[in-house]
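Presented below, as structure tokens, is a lone chain in the form predicted on its own.
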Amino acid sequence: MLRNLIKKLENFQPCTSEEVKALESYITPVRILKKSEDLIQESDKPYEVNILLEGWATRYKITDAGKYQALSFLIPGDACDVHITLIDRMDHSICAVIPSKFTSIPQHKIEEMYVSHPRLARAFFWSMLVDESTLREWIVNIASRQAHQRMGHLFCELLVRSRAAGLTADHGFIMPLTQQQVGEAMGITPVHTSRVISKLRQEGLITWENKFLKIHDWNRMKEFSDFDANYLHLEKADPNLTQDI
């Protein structure tokens, strides 16, 4: 059930069989969300750390003026903020992009993990720091890159993250997002989004059909998109993970 999470954590350090058993004992029963259903909403009190098992989700905020902004995409194996239970209220919402399955680790089990399995706790802290690094890169991406670079950069990131979570071993991955969702996340209008994706296709960099996206020339795509995977901090697990996709 937790194979994608464990695969992701092992990018920091291997998990022992004892640690895997402990982690499996901490989790709650699976919760199934429908497409577009919120897992937790802004201003809710968080009591547990949620983990995406299947499907895709997004962190998002809605401004006072009603504008929607995606903050990140969550894929299987992603945990939602290890320290989230330290705050009184959520500052963003989390929503299922497609029908999805979640489990969670209650606050008292997280505290037990700190004491009984410090190596496992350190792996979760690493995962949280990578999430924060990814958010910083999203800010740079939206603020400082051209539209075609933003889009290509996002696709590169999602491929590397999918590889790290054991979701693909190839140059392609399942991406159940619509063009509109991708465009909104990158701050691009629907018309501009369509033009950018057409450009990426015409350049021979990607194909995106039936919710499957494939990058055809990794080195050229990285250069095209100004993508450097260092912010994902995956070199410990596999030094070739980001270089040889």
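This is a predicted model, so every value here is computed, not measured. Residue numbers run from 1 along the displayed sequence.
Not on display, but discussed next: the form predicted together with a further copy of the same chain.
Chemist: Work out which of Leu167, Ile98, Ala147, Leu129 lies within 4.5 Å of a further copy of the same chain in the predicted complex, going by heavy atoms.
Modeler: None of the others qualify; the residue that does is Leu129.
Chemist: Please name which of the stretches 170 to 178, 119 to 127, 157 to 165, 98 to 106 has residues with heavy atoms lying within 4.5 Å of a further copy of the same chain in the predicted complex.
Modeler: Contact-bearing stretch, as computed: 119 to 127.
Chemist: Can you tell me if Glu10 lies within 4.5 angstroms of a further copy of the same chain in the predicted complex, counting non-hydrogen atoms only?
Modeler: Glu10: no contact with a further copy of the same chain in the predicted complex.
Chemist: Is Gln202 a contact residue for a further copy of the same chain in the predicted complex, using a 4.5 Å heavy atom cut-off?
Modeler: Heavy-atom contact with a further copy of the same chain at 4.5 Å: absent for Gln202.
Chemist: Lys61: heavy atom within 4.5 Å of a further copy of the same chain in the predicted complex?
Modeler: Yes, Lys61 sits close enough to a further copy of the same chain in the predicted complex that at least one of its heavy atoms falls within 4.5 Å.
Chemist: Is Glu112 close to a further copy of the same chain in the predicted complex, meaning a heavy atom pair under 4.5 Å apart or at it?
Modeler: Output for Glu112 is no: heavy atoms all beyond 4.5 Å of a further copy of the same chain.
Chemist: Even though a further copy of the same chain is not shown here, does it sit in the predicted complex so that Ile84, Ile87 and Trp138 each have a heavy atom within 4.5 Å?
Modeler: All of them do, each having a heavy atom within 4.5 Å of the partner.
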